[in-house]
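Only one chain comes next, encoded as structure tokens, the form predicted alone.
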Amino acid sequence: MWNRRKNLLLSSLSLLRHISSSPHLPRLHPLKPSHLLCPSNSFLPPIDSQLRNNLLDLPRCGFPRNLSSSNSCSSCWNCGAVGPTSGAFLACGSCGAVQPVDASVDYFQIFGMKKMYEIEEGDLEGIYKDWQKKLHPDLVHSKSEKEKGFAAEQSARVIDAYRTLKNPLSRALYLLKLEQIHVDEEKTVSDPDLLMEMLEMREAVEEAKDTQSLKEIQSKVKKKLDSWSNSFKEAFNKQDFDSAVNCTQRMKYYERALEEITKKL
């Protein structure tokens, strides 16, 4: 009689595991031993330890640990704590262990930002410093070689993400990349007006006799760059990717012009 009931419980457990893998159901919580499983006045014998462990082997994220899913929660390799359900899981909030790089996490997720062109640079700076405090290789010198390797990879990726998102042009190109839009960064613009403007600007920089003259040219070029930056934002928000690509090509020219002016200052 008990064997039949035990088999019934195991069958129910198998069904529960199958149901819990459905993304359309609310989160399930681990089952805990209670009087419902083994009431004191029940005629059933106590549930053995193996069956109890199987029943309790439902993780907090609602997916069985032995099943893989694109929506499953990440867990810390060191302590097993479940990571955040969204955003980047770079370091464990429970034990502080640095986690391996997850290439599926984009740069915006690393900084907890929406995937959009307009960002708050102050927020970017603050989050970057927080990550560096947790991931910098010098801060994990006493850790295992495994964790040191994770820290070096994560730190390098956070630095690259920070530099990419901080710069308007690289941020624009990265957004297009996430949309599977290829941009040939070596392609030259055939607009004669732009090319003439660049030639005149270069001559003005070469002929500038003092810092004040250079700063005046720099201010004009920055305004041009900001104008095309705003044009990119509008085009990208409208999903007008052809216009967005055109904006990045012009932004590239003005950014290079600013670099030349900075060298002379």
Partner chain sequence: MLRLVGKRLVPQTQVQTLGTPTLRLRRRYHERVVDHYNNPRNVGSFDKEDPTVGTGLVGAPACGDVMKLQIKVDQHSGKIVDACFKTFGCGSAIASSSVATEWVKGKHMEEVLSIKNTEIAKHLSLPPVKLHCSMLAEDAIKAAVKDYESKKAKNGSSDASSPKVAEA
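Keep in mind that what you see is a predicted model, and the values were worked out from it rather than measured. Residue numbers count along the first chain shown, from 1.
The form predicted in complex with its partner chain is left out here; the points below concern that form.
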If contact means any heavy atom within 4.5 Å, which of 75-83, 120-128, 140-148, 98-106 contacts its partner chain in the predicted bound form? 120-128
Would Q132 count as touching its partner chain in the predicted bound form under a 4.5 Å heavy atom rule? yes
Would L178 count as a contact of its partner chain in the predicted bound form, using a 4.5 angstroms cut-off between non-hydrogen atoms? no
For R202, is any heavy atom within 4.5 Å of its partner chain in the predicted bound form, or not? yes
Give a yes or no for E206: in the predicted bound form, does one of its heavy atoms lie within 4.5 Å of a heavy atom belonging to its partner chain? yes
Of the options L225, I217, M198, A235, which one has a non-hydrogen atom that comes within 4.5 Å of its partner chain in the predicted bound form? M198
Do all of G112, M116 and R171 end up near its partner chain in the predicted bound form, with near meaning a heavy atom within 4.5 Å? no
With its partner chain taken in the predicted bound form, which residues across 179-196 come within 4.5 angstroms through any non-hydrogen atom? E185, E186, K187, T188, V189, S190, P192, L195, M196
